[in-house]
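This document starts with one chain, in the form predicted on its own, laid out as structure tokens.
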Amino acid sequence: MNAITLSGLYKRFGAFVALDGVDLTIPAGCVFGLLGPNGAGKTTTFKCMLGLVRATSGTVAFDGAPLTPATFEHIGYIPERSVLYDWMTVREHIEYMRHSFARFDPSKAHALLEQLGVGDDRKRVRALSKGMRTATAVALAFARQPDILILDEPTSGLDPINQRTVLNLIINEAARGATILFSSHQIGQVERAAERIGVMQRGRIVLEGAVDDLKAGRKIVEGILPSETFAIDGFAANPNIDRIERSGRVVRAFVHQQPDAVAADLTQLGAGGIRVVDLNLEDIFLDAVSPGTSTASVVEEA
């Protein structure tokens, strides 16, 4: 069963088209990472899903049903910008949530705050750093024990240790059965936590699928040519090659099968320093939003 279904979601702000027919299905219990450059439409998608911005057209369904006030009992949301009340303390936020949501667990909120390094819950939000505000929002959202979590840049402002803590929380919630949709500019985080990804560009989903499937069989064959003007005529005609990049003497062939045979052909042409490397999520993302800018990386980001 699909926990979230977006069909033909379209949003226009005046003459500007922010969302241009977004179609997306997210299975129940899935961790789904939404990637895209600034202005691609990720935050607008989240706001339209939750009724915070009225979509121009299209439909949104949670567990097959449209959004209603009762649905929010089952959805946890962390917006990109803090919506905590500056004049309230962290403890007061916990009390507020306890009275607002039946499944909110104050003890879990306190445990998460301690784990994320928010020590004194008597502090007013205005006295918290950006990272501590994010940590507080994370603790409050996860303590609600929702069936669906929608997280817009949930590690923004956090130090590397707390970033890893949040990723572990995401993975653990999915193991509990929750569905998580989150965005992040840090592709390594998405690669670590997400089972499926969608890439947005100019208000559209330009790539979507399981991370393992998107990587399967795709390699980069890299070699060093004798000179910058060295000809490799006919090499690109190999049906196993999707495209070729050249930068100075370095040539990279993006292949979808038989990388060893492509490497042998490149060696026969006269290239040296041949190596075959995996395509990582950063390459896949860059190839989707800006073909020709992706680069091979032997060491993937943690």
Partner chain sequence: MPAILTVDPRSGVPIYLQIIEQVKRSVALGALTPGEQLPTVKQLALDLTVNPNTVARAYRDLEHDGVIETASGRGSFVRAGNGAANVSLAAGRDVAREGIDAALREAKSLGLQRSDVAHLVELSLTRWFPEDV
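Numbering follows the first chain given and starts at 1. None of these values were measured; they are calculated from a predicted model.
Separately, the form predicted in complex with the partner chain exists; it is not shown, and the next lines address it.
- Though the partner is left out of this view, A175 does reach within 4.5 Å of the partner chain in the predicted complex, counting heavy atoms only.
- Shown alone here, G29 lies within 4.5 Å of the partner chain in the predicted complex, counting heavy atoms only.
- Proximity of D278 to the partner chain in the predicted complex: non-hydrogen atoms within 4.5 Å are present.
- Contact check for A194: a non-hydrogen atom falls within 4.5 Å of the partner chain in the predicted complex.
- Just one listed stretch, out of 94 to 102, 121 to 129, 165 to 173, 140 to 148, contacts the partner chain in the predicted complex at the 4.5 Å heavy atom level, and that stretch is 165 to 173.
- Not one of R249, A261 and L266 places a heavy atom within 4.5 Å of the partner chain in the predicted complex.
- A single residue from the set I78, I187, L113, I220 has any heavy atom within 4.5 angstroms of the partner chain in the predicted complex; that residue is I187.
- The contact residue chosen from P69, G234, P66, G272 relative to the partner chain in the predicted complex is G272, the criterion being a non-hydrogen atom within 4.5 angstroms.
- In sequence order, D212, D213, K215, A216, K219 are the residues of 212 to 235 having a heavy atom within 4.5 Å of the partner chain in the predicted complex; the partner itself is omitted from this view.
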